Structure formats: C-alpha cells, structure tokens
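Single chain ahead, by itself, as structure tokens, in the form predicted on its own.
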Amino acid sequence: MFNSVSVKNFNYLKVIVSLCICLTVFPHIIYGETKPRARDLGIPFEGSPGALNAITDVAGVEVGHTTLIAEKGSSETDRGPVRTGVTVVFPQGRESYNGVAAARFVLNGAGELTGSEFVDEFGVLFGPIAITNTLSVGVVRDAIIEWYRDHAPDPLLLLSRSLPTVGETWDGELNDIYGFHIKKTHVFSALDNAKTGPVAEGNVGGGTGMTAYQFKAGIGTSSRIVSTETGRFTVGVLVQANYGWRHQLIIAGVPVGKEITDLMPSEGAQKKHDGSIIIVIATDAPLLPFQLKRVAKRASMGLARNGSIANDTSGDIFIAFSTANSVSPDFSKPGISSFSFIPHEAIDPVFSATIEATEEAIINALIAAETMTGMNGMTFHAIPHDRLRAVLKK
C-alpha cells in the first residue's frame, strides 16, 4: 500500500510524464501555438519527430517571419490587396558569421534561388535563406546585404554576405504582386525577430498568399530524429508550398483530392499555371556538400508522396545544409581545413528522415492555412479538417 509521501510523489511523476508526452506529441500546446497540425487530426506519418516537429529542432536554427495582410499598401497611392510576406532561416542563428556546408537541387527550374551558384561552387552557405514572392526577390536580397552592412563587425564578414540566398514562389492569385508591397523594413523585421522554438505555419511570412492543390497553403515544417551507425541526429524541413492541382493531392496514401472536389477557388484561379515550392532541409548530421546534394534530392520523394509530379511551370528548388561543420568566411587563411562526415553506408536514415519530414511539412502547411480572399475577390479555401478526417477513415 502507498503511504502519503509515495502517493504524492507518484502524482508528481504522472504530471511530469504527461507534460513529456504533450511536449513530444503536441508541442504547440506547451509553447502557445494554437493552430492544429496534421498529427492533431490523427494523420499517420512515418518516423519520429523532434520535440517541436519543426526545422528548429536542429540546434541553432532560427526562423523569422514578416506577414503583410491589408486591403491597400502603406501609402494612399498604393494598390492592393496585400497578401504577402517574407520568411528567413538562419542555419546557426543571427549571431554566427561562419558558413555551413550546403548544396541545392533543382527538380524543376521554373523558379529562382539567388546565391545558388556560389553554393554550387564552394559547397558553403553564408547567411540566412530567405523566401518571399517572385517579384520581391530583389528587394529581399538587397535588404539582407543592407542589414549585414549595419550589423557585421568588419568588412570581411560583410563581404561573405554579398550573395544572399533568396527563393520565391508566386502569390499573385491572392496578392497584388505587382504592387511591390514588401519593403526593406519588412525584411529587417523578419531578420531581427528570427528565433528558435515553435515555427508559425500556414498564412504567415513568405507563405501568406500561397496555395497548394487549389487549397490555401503556405509555410509548413516538420522534423525527424534518426539513429545511424555513427550517432543520433536531427533532420528538419521547412517548406513554402504553392503548387499542385486538386486531383493530385494525396495525404497518407489516400487520394484526398479526388474525394474533396468542391471548395475550389474562383474560375480565374483554376486556370493559373502551376506554382512552385521551396524546400529548406537542415540537419546536424555531419555531411559533405555532395552528400547534402544527395539529401536535397530526396525531398523530391517527399513531394511525390503528396501527389506532385513537378508540373511543367513549377519551380521545385531545394537547399540542404548541415550545421555540424562551420566554415570560416576568410578563404585567404593558409592551411588545411577539414570536414567531418558520416560514411555513405550510414546515410540511408537521413534520406528517410528527409522524405518523411518533407511529406509532413507540406501537409502541415495545408492544415494550418486559413481561407483567404484576395485579388478580384478570389478566394482559396482552407482544407476542411472534419471532411479530411472522414476521407482518411473511409
């Protein structure tokens, strides 16, 4: 029989265990994120997510958003409506000036990722990855350089930030994209407010005006914990999803797009060209740049699990980086540098984690998104959670 002390301790233990379960399965409850996620609806996914089930489960990664939603721009002469924004991902946080090993892969090239030639040439990424709308790539790129001009402590560090990495997808169905509503101050805000912890999803940041499978979509994220013969590592993925036709949508192997055929956007939106997706993959597994390119390629398979065929006009561009090896921005220093890396025969779990986290991040973007009306009264509906549950049960 328990005495009073042991019962009290047992109750404390139950509370602690309950909190641990909530933190693992529903981290948004602990951290104040109120939007539902795919797992909250009972959607089954393979693999074990990190504590936050987000790209920020990779230690050091910080994410910042600026979200712009208004009926007009900031001045009386501005056009509207405004449904856009910018998202930034710092591989090792704002305070780090070192580079990280990186690689990119292009599945279909109807899109843009600035600075990618540098990544291809040197296998290194310096500074953040930013994602925005197609016509704001230039101002975001310029703003990142200006932000570092005012923050970098010396010219060498500033020089290493002179080729920013900025990706894009088209939000012109909901946003007055030709109004050029994103200004440098909006980019500065995303950079200044980047942080670790839970990552907002859906109609936020660069994903504010984005759509997928003719539902409202946007930003989504997920992560996986993997064990290899050489250690235990984390893989995190963040997507800006803006692609696909309804009939293509598959969730957890179920042809959801063929079951939910209503709630289509207005006629004009149905005739648009297919959009694009930017996928950012982070890991703390020590990988060489060419290994990271192999990892980036696997995002294609996560995309395919949700029904994408990388349509003709879609820009499907992926970038992967590893935080395990830091690179000095001073290439003029003599001497031999070294990277640690896991052997090829131990990399399969990282491949699987990338595929699984990509698949889930995209669905999280759909689940978190909310119905939005924009240009010319055009409306994109959020995927209905109750009907989605019913289809999955069926």
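Keep in mind that what you see is a predicted model, and the values were worked out from it rather than measured. Here the rigid core means the biggest group of C-alpha atoms that line up within 1.5 Å when the two forms are laid on top of each other. In case it trips you up, residue 1 is the first one in the sequence shown, and so on.
Below, we refer to the form predicted in complex with a further copy of the same chain, which is not included among the displayed structures.
Peer 1: Just one of 80-88, 204-212, 179-187, 217-225 has heavy atoms within 4.5 Å of a further copy of the same chain in the predicted complex; which?
Peer 2: Partner-contacting stretch among the options: 179-187.
Peer 1: Using 4.5 Å between non-hydrogen atoms, is residue 129 touching a further copy of the same chain in the predicted complex?
Peer 2: It does not: once a further copy of the same chain is placed as it appears in the predicted complex, residue 129 has no heavy atom within 4.5 Å of it.
Peer 1: Given that a further copy of the same chain is not shown alongside this chain, does residue 48 nevertheless sit within 4.5 Å of it in the predicted complex, heavy atom to heavy atom?
Peer 2: Flag for residue 48 set to no.
Peer 1: Using heavy atoms and a 4.5 Å limit, would one call residue 109 a contact residue for a further copy of the same chain in the predicted complex?
Peer 2: Contact with a further copy of the same chain, yes.
Peer 1: May I ask you to state whether residue 246 is within 4.5 Å of a further copy of the same chain in the predicted complex, using heavy atom distances?
Peer 2: No, residue 246 is distant from the partner.
Peer 1: Could you spot which one of 72, 151, 94, 294 gets a heavy atom to within 4.5 Å of a further copy of the same chain in the predicted complex?
Peer 2: When a further copy of the same chain is considered in the predicted complex, the option within 4.5 Å is 294.
Peer 1: Looking at 317, 282, 174, 125, which is the one with a non-hydrogen atom within 4.5 Å of a further copy of the same chain in the predicted complex?
Peer 2: Answer to the contact question: 317.
Peer 1: Let me know which residues along 306-326 have a heavy atom within 4.5 Å of a further copy of the same chain in the predicted complex, or say none if there are none.
Peer 2: Going through 306-326 in order - heavy atoms within 4.5 Å of a further copy of the same chain in the predicted complex - the hits are 307, 308, 309, 310, 311, 312, 313, 317.
Peer 1: Tell me whether residue 345 is among the residues that move between the shown form and the other one (Cα shift of 2 angstroms or more, core superposed).
Peer 2: Moves: yes, 2 Å or greater.
Peer 1: Versus the form shown, are the CA atoms of residue 161 and residue 120 closer or farther apart in the predicted complex, given a shift of 3 angstroms or more?
Peer 2: Closer together, which means the C-alphas of residue 161 and residue 120 are at least 3 Å nearer in the predicted complex.
Peer 1: Are residue 155 and residue 186 closer or farther apart at the Cα level in the predicted complex than shown, by 3 Å or more?
Peer 2: Their C-alpha distance shrinks by at least 3 Å in the predicted complex.
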